[in-house]
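Coming up is one lone chain in structure tokens, specifically the form predicted alone.
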């Protein structure tokens, strides 16, 4: 049974909820939503749960993640309740529900603490530079090692436990039994959705947006692989160097376009930007740009005289790795992919249950 929390709507304010009470359930948003279906009345169900204070219903469902913020619902809303942003706010909130550490909740609800965390990370990087007497080579070796350690640590101690917690809330706690064979059969689609986000194509007139997201994800992952596993800053292989330039350029060009769109606010999905939205796109842009510039400085032989550039890059990288990825908007990329998988598993479990009931009645 879903318990009512009268203060639930107030708890959502730090995550971007503002006009939740303007909705009077005319149904326009659900009628126009490209992802709505008989068993998934988006975004209406989520708004109703907020109004009634049904916190557990939000925790136990993946519905908010199945919204791709096409923007059509907000454009058609006669009350300007902005249902698209309401769903976005629920996704921000759910990242804090899944986070076993509780750190993401602190960052979302206190900008002072979050800014302090960014400053502490920056100070730590400068301190490491001082520890190595601001010598470029040992600092770059440390940076390369840090990337590997950060990837393994965040994946093992943050991402994996959070995904398990998500499964527990949405499947296990709901006592939804899914055969192992069914779980395994959906992994291929999980991977495809994770890297292509192909359901964005269901949104009207969003093919350009989908293509940019796809290129950005591809560019980011390839840049990560190039710097971490191919050691782009230390290699003399001309093919790796050229490849790194290409993926680095892709990353900061596409993210720069995202920044411009958020500044112009022409599209519905760009009219409102939470601080977490800005941090994600700005830090990704800075990371791509600084990575690109470092390799340029290496190739023209002036990096030794510009240690500051590598320290700035390492600060950006460290803040990205220990704050934005585990506790910020980057997690949306992961949770949405698993949410699609979980929703599909629920459908198949329900279908199997109905088949068994029919078989039992027939027998």
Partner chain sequence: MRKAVKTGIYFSHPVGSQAHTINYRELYKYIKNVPVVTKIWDSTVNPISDEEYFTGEITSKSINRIIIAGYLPGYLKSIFSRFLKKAGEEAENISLVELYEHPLPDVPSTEIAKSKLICAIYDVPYEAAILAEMNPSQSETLVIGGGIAGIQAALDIANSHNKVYLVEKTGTIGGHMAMFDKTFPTLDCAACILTPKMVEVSNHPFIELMTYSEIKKISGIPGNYSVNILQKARRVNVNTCTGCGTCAEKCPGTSKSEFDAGTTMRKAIYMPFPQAVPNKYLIDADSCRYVQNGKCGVCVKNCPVENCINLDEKDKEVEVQVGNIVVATGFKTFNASRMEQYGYGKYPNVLTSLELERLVNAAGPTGGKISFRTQDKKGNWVFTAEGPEPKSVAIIHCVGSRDENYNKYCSRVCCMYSLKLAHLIKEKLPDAEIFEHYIDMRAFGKGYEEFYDRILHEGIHIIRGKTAKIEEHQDKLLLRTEDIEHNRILEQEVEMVILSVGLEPNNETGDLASILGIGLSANGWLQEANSLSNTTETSSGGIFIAGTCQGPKDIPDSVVQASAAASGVIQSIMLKKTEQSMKNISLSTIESKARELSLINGE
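Residue numbers count along the first chain shown, from 1. Quick caveat: nothing in here was measured; it's all calculated off a predicted structure.
What comes next is about the form predicted in complex with the partner chain, which is not displayed.
Under a 4.5 angstroms non-hydrogen atom cutoff, the partner chain in the model of the complex lacks residue 302 among its neighbouring residues. Remark: residue 33 counts among the residues lining the partner chain in the model of the complex, judged by a heavy atom distance of 4.5 Å or less.
Heavy atoms of residue 45 reach within 4.5 Å of the partner chain in the model of the complex, making it an interface residue. At the 4.5 Å threshold, heavy atoms of residue 75 reach the partner chain in the model of the complex. Of the stretches 63 to 71, 313 to 321, 333 to 341, 24 to 32, only 24 to 32 has residues with a heavy atom within 4.5 Å of the partner chain in the model of the complex. Residue 79 is the only one of 265, 177, 207, 79 with a heavy atom lying within 4.5 Å of the partner chain in the model of the complex.
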